[in-house]
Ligand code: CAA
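Take a look at this single chain, the form predicted alone, given in structure tokens.
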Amino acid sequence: MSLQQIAVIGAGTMGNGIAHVFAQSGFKVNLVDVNAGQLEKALQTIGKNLDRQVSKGTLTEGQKSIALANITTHTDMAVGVQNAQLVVEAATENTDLKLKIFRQLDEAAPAGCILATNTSSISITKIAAVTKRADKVIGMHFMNPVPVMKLVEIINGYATDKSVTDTIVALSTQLGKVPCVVNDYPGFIANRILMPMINEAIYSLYEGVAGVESIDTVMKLGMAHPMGPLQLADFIGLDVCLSILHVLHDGFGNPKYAPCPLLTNMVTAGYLGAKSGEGFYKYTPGSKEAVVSRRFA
């Protein structure tokens, strides 16, 4: 199947990144969000990121203009998806919200349209079950920041048709990404491995084994990780980390996935990481640049 018309649902960090890579690769993209202000902010972000590529010499001014012209914004989902061949949902990582969106997409999108979700942990099978096209529902989990990161984790639901998987694999390659196909179990692969590591790092801090910077430095210099687990957790969002750990804990019923109490307390108190200005580190207002690590008793 040749796909040309793409709709992206959600204009936040992941949604605008997904729209960016599709538009830059020559696809027509309808970017949909109920908040008109969020759509304007997304276009500004995409423009700035394209400017950065131009300044680095990886993109020309002409290519930037074409990419921006490929994006149309909509606040009405039904209008935004009416001609779509592929919809990529990139809303907040909330199960009830995603199920609501997929019910609406199933009604509004053309019968042959593939429905993909950028979820990082929620069951594809569960999402597909609220539609009448479970064979055309698939996970397409991009990594943040989308224009930079090469991996796309492609997740088959229980009923996903092989032709749909093959189409999304080929499409991901066309976007310049590296697709990895996995099956639908809690956390898939990326977060099933990553989140327990982050949780263990938080436990190490909670139990006083070492401070924030020491934990991150050990993993960066000792294990060749580009970013320490605590700073990475801040970058992802501590609320998102907590949500994924709940999915793992509920899905497997194994206590090894239970979130550290320190993580739970920080999220409850509003310390969500870079996006709130403070998590395990303090951040420059309006940026994700860590200024200093916080002290924990």
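Numbers for residues come from their place in the sequence shown, where the first is 1. Computed from a predicted model, the values in this text were never measured in an experiment. For the two forms, the rigid core is made up of the largest set of C-alpha atoms that agree within 1.5 Å on superposition.
Here the subject shifts to the form predicted in complex with the ligand, a form of this protein not shown in this document.
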property: L194, heavy atom within 4.5 angstroms of the ligand in the model of the complex; result: yes
property: Contact of T160 with the ligand in the model of the complex (heavy atom, 4.5 Å); result: no
property: The ligand contact in the model of the complex: F235, any heavy atom under 4.5 Å; result: yes
property: 4.5 Å heavy atom contact, V148 and the ligand in the model of the complex; result: yes
property: Non-hydrogen atom within 4.5 Å of the ligand in the model of the complex for each of S123, V182 and K256; result: no
property: Location of the ligand contact in the model of the complex, chosen stretch of 30 to 38, 60 to 68, 265 to 273, 235 to 243 [non-hydrogen atom, 4.5 Å]; result: 235 to 243
property: The unique member of L99, M143, V169, V79 whose heavy atoms fall within 4.5 Å of the ligand in the model of the complex; result: M143
property: Contact residue in the model of the complex, chosen from V178, M227, A210, I189 - any heavy atom within 4.5 Å of the ligand; result: M227
property: Residues in 34 to 64 with any heavy atom within 4.5 Å of the ligand in the model of the complex; result: N49, R52, K56
property: Residue shift check between this form and the one not shown, rigid core fit, K282 Cα at least 2 Å; result: no
